[in-house]
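In structure tokens, one chain follows: the form predicted alone.
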Amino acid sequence: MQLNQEITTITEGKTKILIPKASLENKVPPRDVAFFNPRAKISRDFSIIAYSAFLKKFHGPKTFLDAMSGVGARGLRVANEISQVEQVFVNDLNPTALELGRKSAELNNLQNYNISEDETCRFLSSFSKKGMRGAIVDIDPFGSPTLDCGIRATVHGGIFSVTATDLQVLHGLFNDACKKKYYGTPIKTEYADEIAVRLILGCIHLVAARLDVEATPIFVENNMHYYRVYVRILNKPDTRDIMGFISHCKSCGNRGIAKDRKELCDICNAKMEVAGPLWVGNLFEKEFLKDMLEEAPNLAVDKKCGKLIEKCILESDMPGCYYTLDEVAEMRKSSPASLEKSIMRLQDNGFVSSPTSFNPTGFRTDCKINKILELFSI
């Protein structure tokens, strides 16, 4: 192999993976070698948990498709660590990456790992016919994801999993680009992560509806350099009215999520900024989260995963648009309170509240900001 002198072996989960040393040594992996992102290890851990939990209850051919595999880290782990999976098909345009993946498969004695060198949509289109579709379809690109062909390649009742890494677009630095790519615009807020995820889900919902397919989120997660969503695909027309807007008041911090835009703040009467159109439904499926939490201890994943899934369960029925302790403290001109005490205070006063998986100091509640400030001042 041409890169032989620059290759090293790592173990992630229970899987040995051959990767270019430059992927570990450089802050930004160089473009001229096969791609591997060590910072996405926790994301791959969540994938292993989610896919394992899903396949335990899935009836049908248990096939995994990875359309943009790089050196194959996610596909290798799925093939090696999830006993229920039958066949794994990984695809990339980089022959060196595919060769590394093939050698890694040999290293792990895998018989169910298949490689393809093709353009993303061509690869997925080859699995878009009845009887060929994947139980799990995974797209992990640079930037915004390709959706149409991924949805078509996902079997009825299967999981379509998508990553987005174009954070500047999703965080409001390039609103025109966001409108073109995700059919909606963001606003800059303390909870921009949630707005970004809802824009991605809204885009998936619209594309799926155009294909007469229903796509419903079951799990989402975010990190400082990516967003990842998992949706369940059902091959039936989607008649739900589930798109809307987030309205935010920069003057007093009031916020809300609804099917209609709100132009004026009902607390201070200032003009509100509006994000959307975007997904306004639930971000999580609670029963699936419980399956994930039950499965996590059986797998070689970071212990942080279980704690984060517990937060997801707590927030799964909560209102949209979380608050952060730092944001509230800045408004009160005081130091941040304890998250646990803040949530208890809200609950003791008759409001629903929970932590959020999106931010370590974030909390969800149906309490308005003016009442939050009042309660936190007691």
Ligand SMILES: C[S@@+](CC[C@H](N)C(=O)[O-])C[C@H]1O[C@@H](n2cnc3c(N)ncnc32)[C@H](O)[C@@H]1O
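If you're wondering where the values come from, they're calculated on a predicted model, not measured in any experiment. A residue's number is simply how far along the shown sequence it sits, counting from 1.
Unshown form predicted together with the ligand; subsequent notes refer to it.
In summary, the region of this chain contacting the ligand in the predicted complex, judged by heavy atoms within 4.5 Å and restricted to 180-188, 217-225, 167-175, 73-81, corresponds to 73-81. This chain is displayed alone, yet in the predicted complex one of G256, G157, P141, G306 has a heavy atom within 4.5 Å of the ligand; that residue is P141. With the partner omitted here, the residue from E273, E294, D302, E119 that has a non-hydrogen atom within 4.5 angstroms of the ligand in the predicted complex is E119.
Under a 4.5 angstroms non-hydrogen atom cutoff, the ligand in the predicted complex has F35 among its neighbouring residues. Proximity of K62 to the ligand in the predicted complex: non-hydrogen atoms within 4.5 Å are absent; the residue sits far from the partner.
In the predicted complex, the ligand stays beyond 4.5 Å of every heavy atom belonging to V328.
Not displayed here, the ligand is kept clear of E194 by more than 4.5 Å at the level of heavy atoms in the predicted complex. Taking the ligand as positioned in the predicted complex, the residues of 80-103 that bring a heavy atom within 4.5 Å of it are, in sequence order, N91, D92, L93, N94.
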